[in-house]
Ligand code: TYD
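Given next, in structure tokens, is a single chain: the form predicted on its own.
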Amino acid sequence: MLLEKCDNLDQCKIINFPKVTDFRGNLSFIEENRQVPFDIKRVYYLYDVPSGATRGGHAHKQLQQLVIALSGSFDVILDDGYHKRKVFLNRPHYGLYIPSKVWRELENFSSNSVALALVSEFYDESDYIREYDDFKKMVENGWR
């Protein structure tokens, strides 16, 4: 199989949020369609993830998301069906933008970590691709 460059994985990027620092501590803020390149329709967070557990393990047909390590750290494994990339998140003032059609897995959660996700769509089970083999077949058939 010929490997080709995938625009979707290239679109995954770290977004830095404004950080206001003074003697009382730090404050960061996030505004939709400014730091976040989409309208935020849902927010969820992962916490108390057991040691060795993996979250995610799916791709989305339409949904875009921004993942932030509010506390602690974890790795995000990104996969476009041709290439994989690992991103380490450990700062609450930046987040990882993940476009649609990218497989993602979150792993190596530190103790007391909290992962915040800002997403572009309301929950819709039909938007999920939950089987990696199905994802690979869709990519091989030109899904973009």
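Start at 1 and count along the sequence shown; that's the residue number. Just so you know, these numbers come straight off a predicted model, no measurement behind them.
Another form, the form predicted in complex with thymidine-5'-diphosphate (TYD), is not on view; read the next lines as being about it.
Do His93 and thymidine-5'-diphosphate (TYD) share at least one heavy atom pair within 4.5 Å in the predicted complex?
-> So His93 does not count as contacting thymidine-5'-diphosphate (TYD).
Closest heavy atom of Pro37 to thymidine-5'-diphosphate (TYD) in the predicted complex, within 4.5 Å or not?
-> No, no contact at 4.5 Å.
Examine Arg42 and determine whether its closest non-hydrogen atom to thymidine-5'-diphosphate (TYD) in the predicted complex is within 4.5 angstroms.
-> Judged by the heavy-atom cut-off of 4.5 Å, Arg42 is in contact with thymidine-5'-diphosphate (TYD) in the predicted complex.
If you check in the predicted complex, is Arg130 within 4.5 Å of thymidine-5'-diphosphate (TYD), heavy atoms only?
-> The answer is yes: Arg130 has a heavy atom within 4.5 Å of thymidine-5'-diphosphate (TYD).
Report the residue, out of Val87, Ile30, Leu46, Leu70, that has at least one non-hydrogen atom within 4.5 angstroms of thymidine-5'-diphosphate (TYD) in the predicted complex.
-> Checked against the cut-off, the match is Leu46.
Just one of 55 to 63, 22 to 30, 93 to 101, 75 to 83 has heavy atoms within 4.5 Å of thymidine-5'-diphosphate (TYD) in the predicted complex; which?
-> Only one stretch qualifies here: 55 to 63.
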